[in-house]
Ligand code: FRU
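The form predicted alone is given below as one chain in structure tokens.
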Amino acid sequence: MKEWTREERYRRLKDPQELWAMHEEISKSDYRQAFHIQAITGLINDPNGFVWHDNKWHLFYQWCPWGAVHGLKYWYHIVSKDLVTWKNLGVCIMPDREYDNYGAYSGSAMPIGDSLYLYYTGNHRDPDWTRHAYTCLAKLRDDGWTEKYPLPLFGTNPDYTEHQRDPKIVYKKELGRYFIVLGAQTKDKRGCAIIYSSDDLLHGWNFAGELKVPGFEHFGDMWECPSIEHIGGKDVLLFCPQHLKIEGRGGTFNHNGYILGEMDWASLTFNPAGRFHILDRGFDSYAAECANNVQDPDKAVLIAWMGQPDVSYPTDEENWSGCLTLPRELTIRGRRLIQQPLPELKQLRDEEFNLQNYHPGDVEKLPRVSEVELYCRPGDLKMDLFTKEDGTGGFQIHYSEMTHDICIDRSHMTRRINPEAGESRVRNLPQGLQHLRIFIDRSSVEIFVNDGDVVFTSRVFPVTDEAYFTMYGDAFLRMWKLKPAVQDTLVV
């Protein structure tokens, strides 16, 4: 594994030609995705500025161009008409000011008129490497040019540690006020969110206070990517508590989840109506962001980084790492968030395989870019993906009718990922298993259980002989090849 010097990690991109040879080599990788957003080179992590504006979806992501390393971060810009096919537009925010001299970090977007306002964390470092976080503003004009405001909106609040980042911009029409929700850490190392407010999108931001969440005063030592969404008449607090042990999450200490409840903006209190729920039960999902300006009040659209902090992947040696999840449609069913694949994804279906003669236990070739759908009848079910030709090994999905538990296990793959964090995940299904919808890309698996009641997202890196699947159980099985949807074009 390459050891990166500070100079290499924070090298500045001066000319797109610096990336051409790297991009050409990376494009040959067997693990480059076909229908998931991925960086043209280097590392992608948090999705940022997700918003509907000017009759299209805008999405930005944190990007370090030089390799699979967290170094100098840029905001890279992509757009879509349908949340399925995406077009690269290039770098939108560069770390080129004193207040963001060591990175343009995560944030959000708010459309006003013909312009799109981008709120982000400027990561500043003093010569002695002391960190200072600034909440910064840039305007993306309708002609595609980005203008940064000359000064940050505000700097680090001295009552908290330097860990203050990921501004989420919110407008409450009934109050006539804008709010910025930031992830933060108290001086005694407690995770929290802090809030600033203003009656003007561009000026007059003042510290309003710390978000109060009764019962969650000691829940991790840092909260990243907080947001408060209103879906179907209910409020949802989404955030990523760090360095916290949660039952059923193996050795993973960084989580992405949510609490349903009621937000009182006057007192800055989020009153929980239940416990903290893990957003995605798989191995690789973090930093989820909901889109701003979604037109349907009963739904939200969410996308996340298909990765985890402090985890390495096999493509690190190929100078690239990471991708984003499929966008999901969020609704509320009972006391839970439901995540479902977008209806538009069906347009990716190409050839459907003839599985009329498939019998449980048969071993068949598995297309590397495909969708699998199972309608399940009562009883145990075993579906193993990426097995060897004799049906052994692979990524295992097993359901027990006796316990009503569904388990995923990737410990039998040749290339194992982050085994110290645990290689299996279990979720109980009180109503049993009725339906599975599985999206397979060249290095990922996303499993939607019972129409979005549970989701498992995982990176997988099959080797040449892991090219088959087998299934045991009473289920009606369908499978399609999927068309590519993301242009892997070098645009800087």
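Don't overthink the numbering: it's just position in the shown sequence, from 1. Not measured: the values here are computed from a predicted model.
FYI, the form predicted together with the named molecule isn't displayed, but the following is about it.
Handout entry: Contact at Y31, T315 and S444 by the named molecule in the model of the complex, all three, heavy atom at most 4.5 Å
Key = The answer is no; none of Y31, T315 and S444 reaches the named molecule.
Exercise for the section: Report yes if any heavy atom of H77 sits within 4.5 Å of a heavy atom of the named molecule in the model of the complex; otherwise report no. Expected result: H77: no, not in contact with the named molecule in the model of the complex.
Exercise for the section: Report whether the minimum heavy atom distance between Y105 and the named molecule in the model of the complex is within 4.5 Å. Expected result: Taking the distances in the model of the complex, the answer for Y105 is yes, it comes within 4.5 Å of the named molecule.
Problem - Partner contact for F283 in the model of the complex: the named molecule, 4.5 angstroms, heavy atom - result: Looking in the model of the complex, residue contacts with the named molecule do not include F283, since no heavy atom lies within 4.5 Å.
Problem - Partner contact for F395 in the model of the complex: the named molecule, 4.5 angstroms, heavy atom - result: No, no contact at 4.5 Å.
Practice task
Pick the stretch from 220-228, 143-151, 315-323, 191-199 whose residues have a heavy atom within 4.5 Å of the named molecule in the model of the complex.
Solution key: Answer to the contact question: 220-228.
Practice task
Find the only residue in K73, K168, R410, R328 having a heavy atom within 4.5 Å of the named molecule in the model of the complex.
Solution key: Contact check passes for K73.
Exercise for the section: May I ask you to choose, among Y119, W305, F386, F270, the residue with a heavy atom within 4.5 Å of the named molecule in the model of the complex? Expected result: By the 4.5 Å heavy-atom cutoff, the listed residue in contact is W305.
Problem - Contacts with the named molecule in the model of the complex - residues in 34-48 whose heavy atoms fall within 4.5 Å - result: Contacting residues: N45, D46.
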